[in-house]
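One chain comes next, on its own, written out as structure tokens in the form predicted on its own.
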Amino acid sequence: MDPLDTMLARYADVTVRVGANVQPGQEVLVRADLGAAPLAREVVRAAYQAGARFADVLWSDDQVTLARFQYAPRDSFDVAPAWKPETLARLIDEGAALITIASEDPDLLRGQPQDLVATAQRAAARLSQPVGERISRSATNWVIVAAATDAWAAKVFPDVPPGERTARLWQAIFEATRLTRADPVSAWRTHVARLDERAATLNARRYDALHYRGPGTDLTVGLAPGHRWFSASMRSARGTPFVANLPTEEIFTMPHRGRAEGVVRSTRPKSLAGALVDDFTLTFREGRVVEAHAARGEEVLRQLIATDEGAARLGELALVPDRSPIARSGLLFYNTLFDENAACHIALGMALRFTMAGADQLDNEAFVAAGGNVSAVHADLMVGSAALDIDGITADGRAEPLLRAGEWAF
């Protein structure tokens, strides 16, 4: 058997058993681009081996997406297919596990009009909001993993000979997802237990706010009442434990939508709908972004923030040590799944309801009144580095060190 095929089978096994934790008799939907077909097929096989009743793939194609921007009428980009999010929402409601394989080309839409990219992104986000809300409630067991493609590998390894790039990216993915360990499943369970311990420590401290300081950053963010710290180890509404991201190095919680003050500067680029946004700063007043600037992709960033009222506010705070395995690799992946696990990050838009005690029982109006954020988007933005310090602020105003020079201070 080809060594890559062996590793893909192992990757699929971990994705199904540790990530989504597919249950006997459960239906499974895999979302994947055609470039990720080899891994998607292995995931389907692994799902059946885990006892899935039915497994199928919802395919997409980067080249079809690109063709739209090259040839479609310029006034058609506010249209998005409703059947895809409607199908996803229905399957989630019926209890299907959801496995997403990320493999997008970070530069797919480079050179395309930014206003069209932003319009298409906004239209898709609005239609997908019901799916996002279900995910934010952990309505089912789900996971996001990644697959190497030639286009993505060329971005990550531009100085490597073309014939070697994709293999190099696969190896980086396998190392980040602990597949090179003798027993990846056991290694994942040990790692997740350690992250859960970190989350438990912060849950016991009950901070009122976090204060971020670093080059170009001086930001204080209040935490929502009843906020809860989590790792990517979660439990679905039906009681199934799962790990939502492979890889994962973060612990995260819910900020208060109205309590962000100051400025924050990005430390890694962000790919938004195939367009790269880089070297950007956001200024917050009373919880809302009031200024946004970027050296590249500023219009796409501004359009993201303008998606709806909640898109200009924070929905997540995540802590990642600067010496995480992904950060130590020295690679810039240009892919949020990996780059967010190399650096502390914040997220504009939708808050994850399970990160506030009792939020599952609230309608949107009550959730917002309690400090939660509702939006059609959820965009993770990397702000961590070896120069970042973060303090936890207690209810009586004392500052306690959480991170110093990007590393845990406790």
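Given the structure is predicted, the values throughout are model-derived calculations rather than measurements. Numbering starts at 1 and runs along the sequence shown.
Omitted from view is the form predicted in complex with another copy of the chain, to which the following refers.
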Exactly one listed stretch (339 to 347, 40 to 48, 373 to 381, 353 to 361) reaches within 4.5 angstroms of another copy of the chain in the model of the complex by non-hydrogen atoms, and it is 40 to 48
Does at least one non-hydrogen atom of R31 fall within 4.5 angstroms of another copy of the chain in the model of the complex?
no
| query | Is there a heavy atom of G226 lying 4.5 Å or less from a heavy atom of another copy of the chain in the model of the complex? | reply | no
query: How about R134: is it within 4.5 Å of another copy of the chain in the model of the complex, going by heavy atoms?
result: no
Q) Heavy atoms within 4.5 Å of another copy of the chain in the model of the complex: does H191 have any? A) no
Those residues of 150 to 171 with a non-hydrogen atom no more than 4.5 Å from another copy of the chain in the model of the complex are none
